[in-house]
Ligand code: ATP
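One chain is shown next in structure tokens, namely the form predicted alone.
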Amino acid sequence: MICIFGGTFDPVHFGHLRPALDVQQALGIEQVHLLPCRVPAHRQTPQLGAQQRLALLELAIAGETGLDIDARELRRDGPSYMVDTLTSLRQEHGERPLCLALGMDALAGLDRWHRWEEILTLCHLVVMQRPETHWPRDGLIAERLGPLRVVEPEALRRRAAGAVLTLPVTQLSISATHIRRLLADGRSARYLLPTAVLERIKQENWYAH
């Protein structure tokens, strides 16, 4: 089973890394593949360039066998639409189960994604649920995805795509926006992201005004 976890990672921090590792262990898979986005379709352009963010990701996961990087979106021109990424992964892996890990906040806005209804034909959704977040009670997402929910990770292995699993993950309310603001103000962002990542940011004077 393949699982990807996308994001701008601008910069990568423990709020990305620990939940990704939670997912890897809960699913019992070899790795979760972190998928840095080149040109996000649903949020502002990252402050750091693609290669800078990739370099920080590589530093962040050095020595961690449960996490890997899939840089395909960084090599593709134009907006980084998840449906295109999933299509390319499906072409590579055939009928192997494929999962997309995303947060509950991203799930709530899934119907605004490009060709969003095709996504469940290409992959399973693994929804990372922090203690203060809840499944949508009504609306299009609740209506369409509610019937697809499963309760055990093993259910994802039985078919290639089309199921939705909610997994509790470690509560870490860390924001890349907050980290960037701290750094721009000349304040410390220590203990919010890996030391090697922070040191590289400081060395290159990234995020400073």
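In case it trips you up, residue 1 is the first one in the sequence shown, and so on. Note that the structure is predicted; figures quoted are calculated from it, not measured.
From this point on, the text means the form predicted in complex with the named molecule, which you will not see here.
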item	value
Residue (of L120, V83, L74, A106) lying close to the named molecule in the model of the complex, criterion heavy atoms within 4.5 Å	A106
The named molecule: the contacting residue among T65, S175, T45, Q51 in the model of the complex [heavy atom, 4.5 Å]	S175
Region of this chain that lies against the named molecule in the model of the complex, out of 54 to 62, 177 to 185, 23 to 31, 143 to 151 [heavy atom, 4.5 Å]	177 to 185
In the model of the complex, H114 touching the named molecule (heavy atom, 4.5 Å)	no
R130 within 4.5 Å of the named molecule in the model of the complex, heavy atoms	yes
Non-hydrogen atom contact L110 with the named molecule in the model of the complex at 4.5 angstroms	no
Contact flag, C99 vs the named molecule in the model of the complex, heavy atom cut 4.5 Å	no
Residues from 1 to 24 in contact with the named molecule (non-hydrogen atom within 4.5 Å) in the model of the complex	F5, G6, G7, T8, F9, H13, G15, H16, P19
